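As a starting point, one isolated chain is supplied in structure tokens, in the form predicted alone.
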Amino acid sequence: MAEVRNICFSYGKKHVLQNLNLSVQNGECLVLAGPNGSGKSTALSIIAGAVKPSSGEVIADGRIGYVPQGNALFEDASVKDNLKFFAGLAGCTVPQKLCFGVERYAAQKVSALSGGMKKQVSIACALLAEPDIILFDEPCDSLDIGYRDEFIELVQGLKSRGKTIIYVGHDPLEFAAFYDKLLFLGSDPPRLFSRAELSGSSEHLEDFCINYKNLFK
């Protein structure tokens, strides 16, 4: 479970987050949506503990795994060494089988990988210690369509194991299959929608995409 209470954050005189509140239970996925600059990535960074809020508090019940928007890997090191490093930080070992089959290119330097492969390694590193709360900041960026399908299966599996997921993404097709509620940060105050309000039946994907896009108008 993860909860944010009255979080505020400013860059200088610019107020990015004002009294943000959210709550996500075990086995749930909350999507943070909104236009660029609405504070989605900042909110994830605060929940992860990478950024300190101006005020408010974060309550995280369990270990956090964080996939940032940018590349947090060591470019001059191999995939294997990156995995070992992050496993050491988390106090765990590197399993033989990893998501996306990342173990297949463990010997390669990160700098030699494509953008999509780097994203796969980042996700694998974040999941090494079986975190209870997983923060995804645009995880499908640079991923091929085939790997996006695999990512959807990955998230659905995480939810079935009771993981708490907070997700930032721009394409509704990425998260339509697994989100439970959506918090739109592009309004004051932010608006919270249930899956039923935006999607209705899971078969009506076109309706969901239309409803999602209408939030930005």
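Since this is a predicted model, take the numbers as computed values, not measurements. The first residue of the shown sequence is 1; numbering continues from there.
One more form of this protein should be noted, the form predicted in complex with adenosine-5'-diphosphate, which is absent from this view; the next part is about it.
At a distance of at most 4.5 angstroms from adenosine-5'-diphosphate in the predicted complex, all three residues 37, 40 and 69 contribute at least one non-hydrogen atom. Contact check for residue 16: a heavy atom falls within 4.5 Å of adenosine-5'-diphosphate in the predicted complex. Per the 4.5 Å heavy atom criterion, adenosine-5'-diphosphate in the predicted complex is contacted by stretch 29-37, the sole one of 60-68, 155-163, 29-37, 186-194.
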